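First comes one chain, alone, set out as structure tokens in the form predicted alone.
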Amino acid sequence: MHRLRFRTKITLGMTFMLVFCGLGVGLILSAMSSSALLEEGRKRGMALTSGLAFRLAEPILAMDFLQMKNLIDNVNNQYDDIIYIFLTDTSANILSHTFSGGFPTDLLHVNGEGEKPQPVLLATERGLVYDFNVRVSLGKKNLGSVRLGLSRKDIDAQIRRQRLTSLFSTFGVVGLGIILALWFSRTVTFRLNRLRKSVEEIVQGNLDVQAGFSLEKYCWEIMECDRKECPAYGDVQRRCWYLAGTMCPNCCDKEYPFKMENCRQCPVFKHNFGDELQDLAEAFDAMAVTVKNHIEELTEREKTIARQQGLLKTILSVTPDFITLQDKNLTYTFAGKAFCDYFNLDEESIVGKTDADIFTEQQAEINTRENKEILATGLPMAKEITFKRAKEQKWFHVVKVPVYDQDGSIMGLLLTGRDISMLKKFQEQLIQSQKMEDLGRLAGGVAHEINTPLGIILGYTQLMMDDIEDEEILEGMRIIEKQTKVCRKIVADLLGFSRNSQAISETVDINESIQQVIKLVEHAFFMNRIKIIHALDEGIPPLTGDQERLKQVWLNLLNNAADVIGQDGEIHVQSKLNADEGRLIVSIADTGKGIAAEHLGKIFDPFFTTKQVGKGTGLGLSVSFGIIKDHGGKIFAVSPPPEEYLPKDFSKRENFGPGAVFVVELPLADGRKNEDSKDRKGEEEKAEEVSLFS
């Protein structure tokens, strides 16, 4: 329907109204005439039946059946639309009837006296029949009933003729109305089509159009004006009351529409002003002039706004900070790219939502309470919050400030959030470093104080063992000696951890130091069915360092691997030269149960251990870390170990646990390193500290 032309719509609309009204009136009149004809037929039948009942009273009293028959036949033969007449007494016995083929007894059971209003419409083999039942009485005495059947065939024929006449009359009136509608729609749409074409030209950019019709006389002719400098002079497309700056004395230098009050009294306006369609067309002509005057200004403003919007969008897209804007109902109206990316949403799914639709119920309740307080007080708020996820925890510094509109009332809430997770991590590392420093000083002092009494206990125990002959007491003294040595070992580790002892600078053969330690522990490991496999690179040159302290590292790493394995396992020791980087790599891999991911960053912390109570002090790896760091190297652990640190026949994956590998990297001291080795060493140490204490 919306695709039809306006002229067609007017014609169809008027046609539909004419058809609707014509058919409605015709149907109403037809229904009224049909009802009148039916009512007239019912009244006629009732009158015939009542008259016959009156005349049959005397024959019934006299039981004159012949007279009864004559009266009934006389009425039946007089009218062609009478189907039947019969007379019954008070006991419903048939006294007389007009049926030639036998009396239908079914009629006695319909339209009983007093059952229904008269008449009753019956459907018979001869069509619809009105059945009338009238009592035959004499005074108050009931003598019987007379029944008359009147056919509705003639009445229905009259109704059909009346309806056809009404239908043809309606169609004739509607047809005449359609002709008038076509003439009217053509007259109305002619000027609308002219206006439409002018609008299409304006849309296409042609502002030099004329929608209004040419005038018989123009303003300069009516006013006999010869002021050619007037903007209206010679302009045959636009009316003078739409133009600004006209020189008519009545205009008073006003612009449209402010000068219309004066123009309505002008003879030019009274002579040229048309109807509403003409006024609309002339208004479009004036609009073309206005658009033409302002189009360049609007274009320039649009370019400026587009540049500003592009710049703002770029800033909001590249900034890593969270930026959101909520209205006074706490509904999101904007969400920055960083905010959307972090919560895996797009801006369209956030705009129009509230905190309850985005965050958890607890977080949404906290946000809503804070936001309502800011909107109520107008005071900004700053805080640090954290979001925990399966693999990471993020910290954000959040600032919420109210946003004011031009009248000074709060119209919304602006939120900015900056990721401070790295700052928090550095703070934790700084605190941990300070704790380790304090702990080292404390451990050194405690170990120094404990070392002297332990030496005295051990000395007196050994002296007493020389004088005791009782085997049971001697066994107890041996236990005391053994446990005292254990304590001295712990104290020695504490002192080694806490003191910056002077390292011995000597030439060290790494492979030889590793082999010496392997020979030292090989027998003890063999008792627990732990096999040590070593693959040492013979091309590794000697380096400068402290051989005994490096042996302590290898021993600590081997003992740690054996403790993790327990029984039945393998330890693979490998050394390799990396000549390009001027470093050598020593790896010790085991087939133990491996290291949990959450423990990898803590295993080198002092006193951290996953062993049972009494099985370890948590100082072996931290002492090894300090020794390797003093040698300018680094040490780290990987669990499970990658293939590059395992031999091809290493069977841990098939028969043992996931395992772990400790990797030690040491710089060479024979000049193979680049000139910037010191700078690289500093960067490696910095990276190592971050990875181990994060």
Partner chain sequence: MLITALFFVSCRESEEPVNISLDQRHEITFRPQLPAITYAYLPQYSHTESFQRHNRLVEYLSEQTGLPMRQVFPDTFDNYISMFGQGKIDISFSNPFIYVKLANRYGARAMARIVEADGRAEFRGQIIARKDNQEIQSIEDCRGKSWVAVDPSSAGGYLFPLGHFVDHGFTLTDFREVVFAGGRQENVILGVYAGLHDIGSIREGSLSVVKDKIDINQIKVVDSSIWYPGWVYAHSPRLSQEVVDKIRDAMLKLDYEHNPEHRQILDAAKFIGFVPSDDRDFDQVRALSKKVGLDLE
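Bear in mind the structure is a predicted one, so any value in this text is a computation, not a measurement. Numbering follows the first chain given and starts at 1.
A second form of this protein, the form predicted in complex with its partner chain, is not displayed here; the remarks below concern that form.
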* Heavy atoms, 4.5 Å, its partner chain in the model of the complex: which of 45-53, 32-40, 626-634, 660-668 makes the cut? Say which one. => 32-40
* Does every residue of Ile479, Gly582 and Phe604 put a non-hydrogen atom within 4.5 angstroms of its partner chain in the model of the complex? -> no
* Which one of Cys219, Ala338, Ile565, Leu95 is close to its partner chain in the model of the complex, taking close to mean a heavy atom within 4.5 Å? -> Leu95
* Structure fact -> The listed residue (Leu138, Ile295, Val318, Met422) that reaches within 4.5 Å of its partner chain in the model of the complex by any heavy atom is Leu138
* To do: Would you please decide whether Thr105 lies within 4.5 angstroms of its partner chain in the model of the complex, comparing each non-hydrogen atom pair?
  => yes
* To do: Report yes if any heavy atom of Gln483 sits within 4.5 Å of a heavy atom of its partner chain in the model of the complex; otherwise report no.
  => no
* Using a 4.5 Å heavy atom cut-off, state whether Leu122 contacts its partner chain in the model of the complex. => yes
* Asked: Do Leu128 and its partner chain share at least one heavy atom pair within 4.5 Å in the model of the complex?
  -> yes
* If you look in the model of the complex, which residues in 21-58 sit within 4.5 Å of its partner chain (heavy atoms)? -> Cys21, Leu23, Gly24, Val25, Leu27, Ile28, Ala31, Met32, Ser34, Ser35, Leu38, Arg42, Glu58
